[in-house]
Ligand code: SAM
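What follows is a single chain, given as structure tokens, in the form predicted alone.
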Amino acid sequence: MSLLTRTAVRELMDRHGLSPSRALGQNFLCDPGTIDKIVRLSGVRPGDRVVEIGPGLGSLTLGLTDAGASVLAVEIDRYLIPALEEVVVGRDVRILHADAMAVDWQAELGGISEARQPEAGQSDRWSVVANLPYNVGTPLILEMLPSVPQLERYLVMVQAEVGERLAAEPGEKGCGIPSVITSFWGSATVVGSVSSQVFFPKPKVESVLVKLERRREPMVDASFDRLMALVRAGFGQRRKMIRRSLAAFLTSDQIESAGIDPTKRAEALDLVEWGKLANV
């Protein structure tokens, strides 16, 4: 089957008696040019193993398998499964009917059984390439980055505001808890924009493509939990100086002992500075 166009998406949905679910944030890709762009930016090569979260009707799944990837497609909507199976029949795709927030990723990716071991010619690395539903994009990424080390690379489509927050640098408007978590475990870059015109139905927001690379080791030698306790306190009162927002944890003298100006605000601190505070 060739890549799905808007007409093909409508015909497929009509044939299976489907309609997009607002509750699940479903907006189906229906532009072959955009699919080619996503696959190209993802860097997927023959033999790569890819997790696609929210494959929907399989538009992007087709592009990934055309590039030679083996795809684990995780779909929460049981009503979409028959249509998805029709689209990807005969391709190297395993469909998992599950909520991605509740998947046992260690069991699915960790080589627990022989069936999970890479076959001849396959990469031993996993990556995520997905058009993420708007309602789960941020929590899903922030959950998977710390807990699923097998997933080394991400190319995800998210709401533009979400993407900017994930990739924000200290001092930028979008800098906040998501950007600190992302920088602790990896690096994020907005690598492209996607028009609302390429979806059915058309969403009310614009989307961006975010590339994330997970580090094998965190960039700072500090307890993630302790660091995040400080980050949440700091951004919980982001207009205050850290000598006030972090007062439940640190005194001004302790902040200064880490070489940090206590009159700074949370959004001005970089990851290294958060690490120093966590280690005080």
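Start at 1 with the first residue shown and count on from there. All of these numbers come straight from a predicted model, not from anything done at the bench.
FYI, the form predicted together with S-adenosylmethionine isn't displayed, but the following is about it.
This chain lacks the partner; the member of L209, L132, I181, V93 within 4.5 angstroms of S-adenosylmethionine in the predicted complex by a non-hydrogen atom is L132. Contact annotation: of the candidates L24, A258, L18, A268, the single residue with a non-hydrogen atom within 4.5 angstroms of S-adenosylmethionine in the predicted complex is L24. Of the heavy atoms in D77, some are within 4.5 Å of S-adenosylmethionine in the predicted complex. Taking the partner from the other structure, S-adenosylmethionine in the predicted complex has a heavy atom within 4.5 Å of a heavy atom of A98. Shown alone here, G54 lies within 4.5 Å of S-adenosylmethionine in the predicted complex, counting heavy atoms only. By the criterion of a heavy atom within 4.5 Å, L29 is counted among the residues contacting S-adenosylmethionine in the predicted complex.
Per the 4.5 Å heavy atom criterion, S-adenosylmethionine in the predicted complex is contacted by stretch 69-77, the sole one of 166-174, 69-77, 85-93, 148-156.
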